[in-house]
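Coming up are structure 1 and structure 2: the same protein chain in two forms, each one given alone as structure tokens.
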Structure 1
Amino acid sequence: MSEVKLTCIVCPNGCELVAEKCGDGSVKVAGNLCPKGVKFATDELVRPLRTFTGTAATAFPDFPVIAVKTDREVPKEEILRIAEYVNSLCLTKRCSPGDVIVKDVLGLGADLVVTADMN
């Protein structure tokens, strides 16, 4: 398989990576300043992952919406489906950062947590 050029999105270094999938299924990575780059590039070639961040509506006039995220990475191709689901929610309880509002969102293994403070 040919080389793929990637930009690592894990940290502000933003390393320019060159990744190549080998015959045995392993991934060869160059250009990374740290091991996180290897994991990122491997995931990108095998099964890209992202953290969903967005907002959910609330019932409180002082917070029409509140910031939310998945507490871990989820498959990239599910991000739009999560966004659509989150846009159907309406919170009726005031929350603080870290409060779980949906467990195992869409069965993807990640919880949806609030990241801003309404209290």
Structure 2
Amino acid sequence: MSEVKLTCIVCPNGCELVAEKCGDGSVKVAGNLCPKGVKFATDELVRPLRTFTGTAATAFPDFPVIAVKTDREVPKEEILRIAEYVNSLCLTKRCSPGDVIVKDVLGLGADLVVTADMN
């Protein structure tokens, strides 16, 4: 694998990292000012995670869609699958921020929660 350039987002330093995945599965990282950069780059190359954010349809004309997100990070490669699932939803109950609308969405260990107030 060739080198990958990343900007670390873990601390305020914003280090410009150069990372490379080696044949033995290890990751070489350069440019980090703290150990957090090594973990960030390794995670990005080995198993990148993201928080899903989107909107779900509702049955209420005064609030046709509502913002939702996962309550924890999920594998990046599952984001599209979650989006397709969320597009199939239509909420029929008014919700408040933090309300869980789908527990363990798609078996990924993250709950889908509302981030806006419909009340």
Partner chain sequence: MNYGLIVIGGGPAGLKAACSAAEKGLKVLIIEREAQLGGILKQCVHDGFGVIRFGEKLTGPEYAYRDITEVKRLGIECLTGTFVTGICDKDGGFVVETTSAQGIRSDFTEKIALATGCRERTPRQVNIHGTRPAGVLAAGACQNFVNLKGLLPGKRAVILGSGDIGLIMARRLTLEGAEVIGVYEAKATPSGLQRNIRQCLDDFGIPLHLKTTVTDVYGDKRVEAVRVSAVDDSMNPVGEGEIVECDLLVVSVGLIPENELAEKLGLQTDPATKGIAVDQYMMSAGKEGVYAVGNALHVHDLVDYVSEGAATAGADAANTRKRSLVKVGAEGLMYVVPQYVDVSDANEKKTFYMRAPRDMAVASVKLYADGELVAERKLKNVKPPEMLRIQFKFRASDSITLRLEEEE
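Given the structure is predicted, the values throughout are model-derived calculations rather than measurements. All residue numbers here follow the sequence of structure 1, with the first residue given the number 1. We call the rigid core the largest set of C-alpha positions that still match within 1.5 Å between the two forms.
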Of the two forms shown alone, the one predicted on its own: 2
Residue marking the hinge between structures 1 and 2 [rigid parts; choose from Val74, Val65, Arg94, Val46]: Val46
Angle through which the smaller rigid unit swings between structures 1 and 2, given in whole degrees: 25
Shift in Å of the Val10 Cα between structures 1 and 2 [rigid core superposition]: 5.0
Core-aligned Cα shift of Gly37 between structures 1 and 2, given in Å: 4.0
